[in-house]
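In structure tokens, the next block holds one chain alone, the form predicted alone.
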């Protein structure tokens, strides 16, 4: 293959952050947009877990986790300096991503899909997410981004999930007292990088070429 193959789904936050890293690192890939209810057999053969993103490298190695894809891309080329921070700051980034991908994401899913399980108390799950938003708001005071004046690996890793949380109830989210979190999210939603990763593509079908992405 000429370029790595990326199986992706436009609105999936995990796939979004993988695309952000591939774009920032100027890593060209062949993007295959999938519909999750109609997953292509080629993707399932490469990654039986059946979730996106999946990146098949030119040497045949398969990366099945979004953070692994992000790290692989940024290790190749980090022009924006996503990882150009002190060791202490990088450790803080790692801890923040663990918190986001763990307790916050669990609360987000429960809040968003509460109608699927009547034992879930959506207001309690929303409050768990809100506590995380307030934490981010404190970090963002006086800063354009989470770790200062530069977009970082942590910003890319978290923003797609903050966007998802905000869109569960937009009116409620934008009425809350976390102005720095709102400002940070809005800047991302209006950015060229966000527009670049959110282009709409047709569902990939066997035999199609796929879409050039990341150059």
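Numbering follows the first chain given and starts at 1. Just so it is clear, the structure is predicted and the values come from calculations on it, not from any experiment.
There is another form of this protein, the form predicted in complex with a small molecule, and it is not shown here; the text below is about that form.
Whether residue 14 contacts the small molecule in the predicted complex should be assessed with a 4.5 Å heavy atom distance threshold; does it? Close contact exists here: in the predicted complex, residue 14 approaches the small molecule to within 4.5 Å, heavy atoms only.
I'd like to know if residue 52 sits close to the small molecule in the predicted complex, meaning any non-hydrogen atom pair within 4.5 angstroms. Within the cut-off, so yes.
Is residue 39 part of the interface with the small molecule in the predicted complex - any heavy atom within 4.5 Å? Although the small molecule is absent here, residue 39 would touch it in the predicted complex, with heavy atoms inside 4.5 Å.
Does any heavy atom of residue 180 come within 4.5 Å of a heavy atom of the small molecule in the predicted complex? Judged by the heavy-atom cut-off of 4.5 Å, residue 180 is well away from the small molecule in the predicted complex.
Exactly one stretch in 151 to 159, 24 to 32, 62 to 70, 169 to 177 has heavy atoms within 4.5 Å of the small molecule in the predicted complex; which is it? Going through the listed ranges, the match is 62 to 70.
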